[in-house]
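What follows is a single chain, given as structure tokens, in the form predicted alone.
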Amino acid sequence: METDKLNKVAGILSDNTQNTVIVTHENPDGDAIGSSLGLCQFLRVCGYQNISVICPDDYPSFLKWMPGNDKVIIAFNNFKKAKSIIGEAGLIFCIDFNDVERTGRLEKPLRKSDAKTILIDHHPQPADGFDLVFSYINVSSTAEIVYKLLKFIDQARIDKNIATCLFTGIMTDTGSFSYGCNNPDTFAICAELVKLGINPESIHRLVYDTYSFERMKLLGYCLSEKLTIIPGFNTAYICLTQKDLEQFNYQEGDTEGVVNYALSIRNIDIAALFIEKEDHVKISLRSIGSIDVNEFARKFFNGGGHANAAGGKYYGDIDKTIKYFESAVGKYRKGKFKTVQTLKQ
């Protein structure tokens, strides 16, 4: 991390009287929540009183045990309050997204704000318009960047609660250290967090071993009834309608990680999950190796993310979405990936 940027943010944070807001992207995940709560608690330890964490919408219950969760403002439930807080802010941290359009209903208030903005993120191609940018795509997670930033400012103030939140961010964004974690720094940071007294085994159980019975039944249904392979394109997908979700009493977060099961099939290197919403279809994409689903999502689904994990939206019914996806995969394979060896089914 550039020393001049670190010194600038340290200077900005020396004023703990300013109204400060931490904002996540839509459908916040473990990295977004863990990074935001860890940063928020650090600033409180530093004497910040007027500080808020705002999420555009709600997030899964398996993330709501983290220290500081009870203070998070969900804009979907209280948009007027969220908008007012953003309007009065002097400093805004943008956490785990590369463009304010990723904040959904908070985009307009953020664009209207005169506050100084600091972006902390690890997604490629960050947009312009931020006053200070900490964007590094070669790190495991935004939580890892936040840790390095806090360590530079005042390592002694990083306590067990802060460490717990940041470890959760790193753990979830690497799929329990199964991808995106080939840098030794990631494990060195986790070792430092463990030294602060966190319990990795307990954290893992709280995130991954607290699913509902209905969620497990939904997973079984996805694999037995909804999993489809596109012959010749080494691609698999799962498609869920609103009726499917209602059948299993769907709760926010119940489909988290489901797309990865499709990618577990031998010779499959692109996986997708389609979830029917009121006015669009939400798409989650995963890939292996050199298959760049970030580029795919940007090109075909007005989305983005990482090279091997991305998402997007399609404004049409779910049948049209699937047809469009199958066509897009065919075009993309024949074009961008024409030099990639086709695997045998």
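Keep in mind that this is a model prediction, so the values were computed, not measured. The first residue of the shown sequence is 1; numbering continues from there.
Although it is not shown, the form predicted together with a small molecule is what the next lines describe.
- Contact check for G311: a non-hydrogen atom falls within 4.5 Å of the small molecule in the model of the complex.
- In the model of the complex, the small molecule lies farther than 4.5 Å from every heavy atom of S287.
- Proximity of G304 to the small molecule in the model of the complex: non-hydrogen atoms within 4.5 Å are present.
- Residue contact check for K226: none of its heavy atoms lie within 4.5 Å of the small molecule in the model of the complex.
- Looking at 66-74, 279-287, 38-46, 53-61, the stretch with residues near the small molecule in the model of the complex, meaning non-hydrogen atoms within 4.5 angstroms, turns out to be 279-287.
- Screening H123, K148, R215, K83 for any heavy atom within 4.5 Å of the small molecule in the model of the complex leaves a single hit, H123.
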